[in-house]
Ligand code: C2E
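The chain below stands alone and is given as structure tokens, in the form predicted alone.
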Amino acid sequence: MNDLHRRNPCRLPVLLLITLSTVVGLSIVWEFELEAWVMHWLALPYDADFEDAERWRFVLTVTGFSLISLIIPTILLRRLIANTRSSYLRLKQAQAQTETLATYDSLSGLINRRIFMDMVRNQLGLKRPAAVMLIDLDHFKAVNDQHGHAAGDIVLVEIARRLEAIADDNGGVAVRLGGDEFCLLFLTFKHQSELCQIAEAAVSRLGAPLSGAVEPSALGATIGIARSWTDAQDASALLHCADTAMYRGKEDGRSTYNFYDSQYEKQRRAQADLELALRRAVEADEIVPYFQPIVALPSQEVVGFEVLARWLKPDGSTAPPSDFIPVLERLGLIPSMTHSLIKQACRAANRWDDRLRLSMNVSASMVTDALFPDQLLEQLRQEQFAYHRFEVEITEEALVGNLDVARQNLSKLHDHGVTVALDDFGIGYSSLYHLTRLSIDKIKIDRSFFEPGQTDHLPMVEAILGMARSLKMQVTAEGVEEFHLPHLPSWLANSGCNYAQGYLYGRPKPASSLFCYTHSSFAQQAG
């Protein structure tokens, strides 16, 4: 009915008129002709002299009721048909919109991630080649932060148009995977040189000035390339390979492209495994303190230990700081590791003679953290470790970033009795400046002044010792090794050096190897 009405809107009224005419005709025929015959056939009484006026009244009554019974349903039917047609059109429109949203990205109009993955799966299922260029915009977050998301959307749309042009020029498909991540998909075999040309063109065109939405220098593109015929035979794996290659470009400085390299993938996985292992190591106190003796001069009696970090791996091996400190710095875990080492070192040292001190290097980020002094003092209090037995070693790097905060923090520690030492003294560019303005109690002369055969450095050491005496500071000489025996220790003592540290007096050892420094053993040795 809907289709008939749509093809000929006038047909329904015509049908209504024909139906009504038929009803009127049948009523007249019945009243004036058929009624008498039927009554006679049924042997029923019938008054043939019935007035014609009554007969016409009957015809009109029947016609009126028929007209009403036909018009009202017809009106309702027409409305029902119109509503049904409107609902059908809305449903078709919604279905078309749904299909569009399921296929295309709503902002850029490019193929979306789901369809992209289906296309790659189908291609690989047919054993046909596929090359993926994963494209990530450089510094796009800054565009949103500085100019707002509306400007960011304008940028994404323009980037999409440029990618469409590149895809059309090279027989590919442009895709938006989400956010500022796009893709170029090629479903025919392309030589590496051809892919290089396309990638270079993409880096250049995507980094070109935009149409006024943001500054030209704000954007760039980093591309990772993966190919089904060399890298992966699964859609998800192929996209992962492209992502790995793109990530390498981010590390190499951005606005570049890289092909997937399985060796780099192995290195990246190893790095991820290392980071996970180190996170667990910090949480489980697997990074433990090793203790290197510090001796007084000239007696060469042990007066304390420097706390050095070692990683006791689950396989039983021990890793030096160079293997894990840079990673912990990148992960922001140095403060957590430091607090763990302080806890372990204090608990070990509390079993020793209470004349022994602990010295520990603290990172630049901690020294310039306004909360650091209170956190350190509270931890020492909880471990029941006397403030005067603890020494904080800092480097000049900690003073360059925020000198005012560092000055306040060091003054607070100094006021509570914690010793502050400036480590690696003599190799920085502004040590004298810091010495005169900060609460420094001790300086540690860098080991580079005592390298074998470098006797020309000794006059400089003498000058440092003289300066320290004038500033009423103590001095520790680092790097006193076995090959210096016996000249260097006696020379340092005669020149006014207070302490020495190095392999000559002992290598770093775990707390379990220092049982001889308990209070009773230390007293016996002293006696």
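Nothing here was measured: the structure is a model prediction, and the numbers come from that model. When you see a residue number, it is the position in the sequence shown, counting from 1.
Same protein, other form: the form predicted in complex with the ligand, not shown, and the subject of what follows.
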property: All of Val120, Gly224 and Tyr247 with a heavy atom within 4.5 Å of the ligand in the predicted complex; result: no
property: Selected contact from Cys183, Ala242, Met337, Leu206, since only one has a non-hydrogen atom within 4.5 angstroms of the ligand in the predicted complex; result: Met337
property: Sole residue of Val307, Leu278, Leu376, Ile159 within 4.5 Å of the ligand in the predicted complex, by heavy atom; result: Val307
property: Segment assignment from 196-204, 434-442, 317-325, 367-375: heavy atom within 4.5 Å of the ligand in the predicted complex; result: 317-325
property: Val282: touches the ligand in the predicted complex, heavy atom cutoff 4.5 angstroms; result: no
property: Partner contact for Asn144 in the predicted complex: the ligand, 4.5 angstroms, heavy atom; result: no
property: Heavy atom of Lys412 within 4.5 Å of the ligand in the predicted complex; result: no
property: Contact flag, Arg447 vs the ligand in the predicted complex, heavy atom cut 4.5 Å; result: yes
property: Neighbours of the ligand in the predicted complex among 402-427 [non-hydrogen atom within 4.5 angstroms]; result: Asp423, Asp424
